[in-house]
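Below you'll find only one chain, the form predicted on its own, shown as structure tokens.
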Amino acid sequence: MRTLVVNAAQLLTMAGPARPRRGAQMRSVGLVRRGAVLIDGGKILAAGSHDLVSSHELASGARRLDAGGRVVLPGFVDSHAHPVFAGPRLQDFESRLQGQSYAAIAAQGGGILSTVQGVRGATQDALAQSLRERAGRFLECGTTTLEAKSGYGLDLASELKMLRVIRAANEAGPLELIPTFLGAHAVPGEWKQDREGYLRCVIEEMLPAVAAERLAAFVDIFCEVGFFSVEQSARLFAAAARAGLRPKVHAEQLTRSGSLAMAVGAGAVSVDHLDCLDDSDLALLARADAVACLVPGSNYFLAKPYPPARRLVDIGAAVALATDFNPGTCPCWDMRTILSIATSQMKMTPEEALVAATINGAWALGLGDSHGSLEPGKVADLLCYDAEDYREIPYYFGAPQAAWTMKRGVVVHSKGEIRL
């Protein structure tokens, strides 16, 4: 049945060129006052002014969904997250508050490896149940598409277990999950003395198995001192290309390693974190196809300096924002909190932050042609926000304020009465 969304005080279409938005383009949210959206079969037929959309030949007889004078925009596309795990890393949290560094905690068996123990010991059903519960939290905050990384298994059976959980949750819906294989997240304890041997295991055993079951769209690696080198990352990406998986990378996060240039050369769809950039990196991102995906929630939680978002936007890089939701360094699934940090701490404008969290997030997952904006032919992923002005979204922070969230034309979350 067709649906006509009406009475949007402000409709943010994010309409624009069919490519990631850069520079001044990131300040255009496609604002339409008194807007409407016509939906059929889970896709958008028309979006724009009420008078224009309601006069569409297929609007007659459509079910009307009243937005109640609120802001309507595309659902958030969260392009960097680690949502499959067994429990939070509370001991790491306490140790960090006592002054221990990320590296020191990892050396003591905390960090990623402590989560690995939990995932290896959990059943697939238990992991699936916890992922379903977390999916509901993302939806109530307005996220409709979420990247989901593996990387807390670090052996063949456990990595496959994680990716199968992601696939099952995606098939069950309604949150759309985009799977990324992150077997090269860290070196597990049993391979501690043979980092190169573990990488061979990732390339020669895990990657072919993941590709054979079509369990992932992307491959990622933590390219960092003490984890994996630039040269090792390049080898993984070459193998991934042969297997049909596109690269993403945790780049220049704790130190500057040169991973950014390597990843851009390998055709990475996104380069993520980017806390430790120099001027040459900024210039490279200004002309690169890769989307610069910033995850300032982790910087906030770790009390670290933020990536240079303002300089990246000004130089013409395509910038996305994501939560980096994970059990150790960013236990946040609410994109509005990320928008608040991006505006108040990284000096992005509200418009830039919203573009980064929707259409540029879609491009960071290779989905820009179908997701991230309210344009004819795209999936009907809508967020009705309890605000009269879109600038309220990053302005307020705290409890979720999504009045309702729609996935492929179906309202999948509502905090109150839906007026039809």
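The shown structure was predicted, so the numbers you read here are calculated from the model rather than taken from an experiment. One rule holds for the numbers: they count along the sequence shown, beginning at 1.
Only in words, not in the display: the form predicted in complex with ligand NIG, which the text now covers.
**Prompt:** Hey, with ligand NIG in the predicted complex, do F138, R336 and G372 all fall inside the 4.5 Å heavy atom range?
**Reply:** No residue of the spot touches ligand NIG in the predicted complex.
**Request:** Quick one: from A169, M206, I112, V219, grab the residue that has a heavy atom within 4.5 Å of ligand NIG in the predicted complex.
**Result:** Only one listed residue qualifies here, and that residue is I112.
**Item:** in the predicted complex, the one of E159, D281, E252, D324 near ligand NIG [non-hydrogen atom within 4.5 angstroms]
**Value:** Here the answer is residue option D324.
**Request:** Could you tell me which stretch in 197-205, 259-267, 121-129, 79-87 has residues with non-hydrogen atoms within 4.5 Å of ligand NIG in the predicted complex?
**Result:** Contact criterion met by 79-87 only.
**Prompt:** With the partner left out of view, is W191 within 4.5 angstroms of ligand NIG in the predicted complex by any non-hydrogen atom?
**Reply:** Taking the distances in the predicted complex, the answer for W191 is no, it never comes within 4.5 Å of ligand NIG.
**Item:** P179, heavy atom within 4.5 angstroms of ligand NIG in the predicted complex
**Value:** Result no; P179 lies far from ligand NIG in the predicted complex.
**Message:** Test of understanding: in the predicted complex, would T329 fall inside 4.5 Å of ligand NIG by heavy atoms?
**Reply:** Yes, contact at 4.5 Å.
**Asked** Given that the partner is absent here, does F237 sit within 4.5 Å of ligand NIG in the predicted complex, heavy atoms only?
**Response** Answer no; every heavy atom of F237 is more than 4.5 Å from ligand NIG in the predicted complex.
**Asked** What residues in 13-36 sit within 4.5 Å of ligand NIG in the predicted complex, counting heavy atoms only?
**Response** Heavy-atom contacts within 4.5 Å come from no residue here.
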